[in-house]
Ligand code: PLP
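Below sits a lone chain in structure tokens, taken as the form predicted alone.
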Amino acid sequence: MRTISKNLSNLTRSGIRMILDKAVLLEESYHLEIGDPGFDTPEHIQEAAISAIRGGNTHYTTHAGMPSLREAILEKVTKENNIGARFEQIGVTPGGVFAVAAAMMAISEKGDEILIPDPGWPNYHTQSVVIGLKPVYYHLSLDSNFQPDISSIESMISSRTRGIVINSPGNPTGAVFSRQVMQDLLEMCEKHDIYLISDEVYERILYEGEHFSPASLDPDGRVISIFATSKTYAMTGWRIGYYVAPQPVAKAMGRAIESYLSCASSVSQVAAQAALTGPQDCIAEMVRSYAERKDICVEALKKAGIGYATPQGAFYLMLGIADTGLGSYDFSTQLLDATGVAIAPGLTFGPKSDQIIRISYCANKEDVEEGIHRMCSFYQACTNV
């Protein structure tokens, strides 16, 4: 009998997507589970893509992306992220998702270990498993507002560790790592000769503090920086990510792109170039809206007496549910069934995160307001039983 890969058949699905699958079947639902900006892509970006289509720009590009887009990326990371890079270190991928996967492929062999956050984006785990790596979780605590404990992380490094993935501003945590934290992480990586994969796709969505790219401190080529247009410009469906990596790593990542994907969509690349080089005021407008939605959620949680971590960036908020007596999947499914509110279960973000849930507040204001109100009422009903 022909068999199907156990590696893929046994792969744990994202709890976010599992809740989404159920929520879309309801007549009334409030989508606070998925991180998809509730805005249309800005018009000037749309127009650039339409012109590309009408102009016949619908063919293959080089595997690493259109030279003009890569030049725009180089200018952006030099000026905004203070990363000293060369053109050859830049590559374009179909979404930041594949950039992370390509980085893992480039720095490791099957059986090696990669450190990933708990709570952290579920794809870090699934990608590493598919590639054949052993994911090792390092814990980020709600009590410390999800800031990393460097000594605890360092104790997990073994002879098989090839790298650590960090994410700031964080999904699902909303945490932002300071320059000092980045410096400490980089010194740890230098000490143990491992790579630092820095997921920075939420870099422009900030409410306090500042975004700091660790590659700006990298003296010996061990930081791989991952960016995307998806969240910053409300371009999730366009699927454009990009990376800046040490030249040998960038070359290996390029081979992964060529082998699996050929190249990113040419039309989407034109749109991404328009995003990076065009007007930037759309970002501030969206961030102001996210901040307003964040404040709505925070006030509702305060009023209901529910513990939470204050987001510094991105558009997610994590809150504790230990008082309900429910695990995160039971809480999420029961909440959806009872109220139509879809949220993300904490356990999908890591094995130590079953007593927290994630609220995504990037949906439209009315849905966020009604959704958080219903969630708080459900929480209080659970704790009063």
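Numbering starts at 1 and follows the sequence shown. The model shown is predicted, which means the values in this text are computed figures rather than measured ones.
Only in words, not in the display: the form predicted in complex with pyridoxal-5'-phosphate, which the text now covers.
For this session: Indicate whether Thr173 is a 4.5 Å heavy atom neighbour of pyridoxal-5'-phosphate in the predicted complex.
Result: Contact with pyridoxal-5'-phosphate, no.
Exercise. Quick one: is Trp121 in contact with pyridoxal-5'-phosphate in the predicted complex, heavy atoms, 4.5 Å cut-off?
Worked result: The answer is yes: Trp121 has a heavy atom within 4.5 Å of pyridoxal-5'-phosphate.
Exercise. Can you check whether Val201 is within 4.5 Å of pyridoxal-5'-phosphate in the predicted complex, heavy atom basis?
Worked result: Residue-level check for Val201: yes, a contact with pyridoxal-5'-phosphate.
Exercise. Taking the shortest heavy atom distance, is Arg239 within 4.5 Å of pyridoxal-5'-phosphate in the predicted complex?
Worked result: Heavy-atom contact with pyridoxal-5'-phosphate at 4.5 Å: present for Arg239.
Problem set entry | Whether Ser108, Thr161 and Pro246 all lie within 4.5 angstroms of pyridoxal-5'-phosphate in the predicted complex by heavy atom | Looking in the predicted complex, the three residues Ser108, Thr161 and Pro246 all stay beyond 4.5 Å of pyridoxal-5'-phosphate (heavy atoms).
Problem set entry | Contact stretch among 153 to 161, 201 to 209, 137 to 145, 285 to 293 - heavy atom within 4.5 Å of pyridoxal-5'-phosphate in the predicted complex | Result for this chain: 201 to 209.
For this session: Would you kindly say which of Asn167, Asn81, Gln269, Gln89 lies with a heavy atom within 4.5 Å of pyridoxal-5'-phosphate in the predicted complex?
Result: Partner contact (heavy atom, 4.5 Å) among the options: Asn167.
Problem set entry | Of Pro214, Gly254, Gly313, Gly95, the one that lies within 4.5 Å of pyridoxal-5'-phosphate in the predicted complex (heavy atoms) | Of Pro214, Gly254, Gly313, Gly95, the residue with a heavy atom within 4.5 Å of pyridoxal-5'-phosphate in the predicted complex is Gly95.
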